[in-house]
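Listed next as structure tokens is one chain, alone, in the form predicted alone.
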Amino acid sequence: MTPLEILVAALTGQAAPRIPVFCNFLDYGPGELNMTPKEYFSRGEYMAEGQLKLLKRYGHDNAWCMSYVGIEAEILGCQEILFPKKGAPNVKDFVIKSWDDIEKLTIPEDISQHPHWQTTADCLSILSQEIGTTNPICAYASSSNTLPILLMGMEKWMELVLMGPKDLREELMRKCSDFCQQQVKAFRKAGAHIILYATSFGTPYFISKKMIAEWAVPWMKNDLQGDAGGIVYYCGGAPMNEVVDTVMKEVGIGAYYISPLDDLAEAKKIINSNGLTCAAIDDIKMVHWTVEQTRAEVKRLIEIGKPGGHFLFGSSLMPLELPEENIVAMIEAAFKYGRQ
């Protein structure tokens, strides 16, 4: 079976020779091509080449068509991105500097025609041609409650969410939801199999379960417009077990990238055979682990999640400081212990 077929089997509960093994090599492409991040992310061809080289080098299942997260802000008017010598680029110039800027914010009628979308489109086009029938291609979309962080910063957005004028908050949410809908549609049309739906406010880590149910969930439903196919629920590494059942029932999302801070056994019990449980190893701690510790943790997670199927093993943030031997040990162990 191809990695894509193995993923489909895990999603549907069918038999497969092993579990899917995903790695989030989001920041590793520049190093693979001996480029700076600014040069690497300037062209979709470079991004695709980096992902294909990483796929060949490590043998995991998935590739990413993702540019840096700040590209979303650039499409909406961000004038400056901070490009470090190593690591992920980030927003330096906020589009919304005062609440008055919310009314001025304009969403393009078709983001797929925007110049800043082109690198992502080119990358996705190449990946679709090269591996579109064999390997899962992943994309990333910020939810309507998360995109404002890139537009105005976490502090100002939290202030608006918790204390600011409701009408301004809802106006910004409507615009960001429009953007999210367009982005999901564009990714699907261009050939992405998986869309990581990032929602910082879909976890009790930041807001109450009551606010998630009454505010965040309705906007999630609006973002996805009743079609959660290929969507993976992701809370940026924050715990989500307390809300998985609600999101599954209300929004219909069928795959969950469980935080290393969550109890995996509890998550598997909640999701059961109704969706895909994705276990994320704590690769921040893995920076300081030995090879033996890495293998042991992979084995532990897979022994918890594999019984009953509907399970995927994956990495978390994959910091560049990860020792090469630990990356190799993690992937080899995932294939070894993930055999059915």
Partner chain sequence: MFEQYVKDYNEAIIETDKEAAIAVVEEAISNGVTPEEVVFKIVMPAVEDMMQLVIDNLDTNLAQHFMTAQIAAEITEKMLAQFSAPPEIIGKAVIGSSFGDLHSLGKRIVMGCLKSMMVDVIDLGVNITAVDFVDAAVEHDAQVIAVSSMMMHTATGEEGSLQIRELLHERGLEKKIKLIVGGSPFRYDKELYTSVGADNWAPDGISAAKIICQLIHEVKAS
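Bear in mind that the values here come from a model prediction, so they are computed numbers and not experimental data. Residue numbers count along the first chain shown, from 1.
Only in words, not in the display: the form predicted in complex with its partner chain, which the text now covers.
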By the heavy atom within 4.5 Å rule, which residue out of Leu105, Val217, Leu196, Ala238 makes contact with its partner chain in the predicted complex?
Ala238
Out of Ile126, Ala88, Val95, Ile75, which one falls within 4.5 Å of its partner chain in the predicted complex, going by heavy atoms?
Ala88
Taking the partner as it appears in the predicted complex, which of 166 to 174, 207 to 215, 133 to 141, 182 to 190 has residues with heavy atoms within 4.5 Å of its partner chain?
207 to 215
Using the partner position in the predicted complex, report whether Pro319 sits within 4.5 Å of its partner chain, counting heavy atoms only.
yes
Using 4.5 Å between non-hydrogen atoms, is Met248 touching its partner chain in the predicted complex?
no
I'd like to know whether Val287 contacts its partner chain in the predicted complex, with contact meaning heavy atoms within 4.5 angstroms.
yes
May I ask you to check whether Asp282 falls inside a 4.5 Å heavy atom distance of its partner chain in the predicted complex?
yes
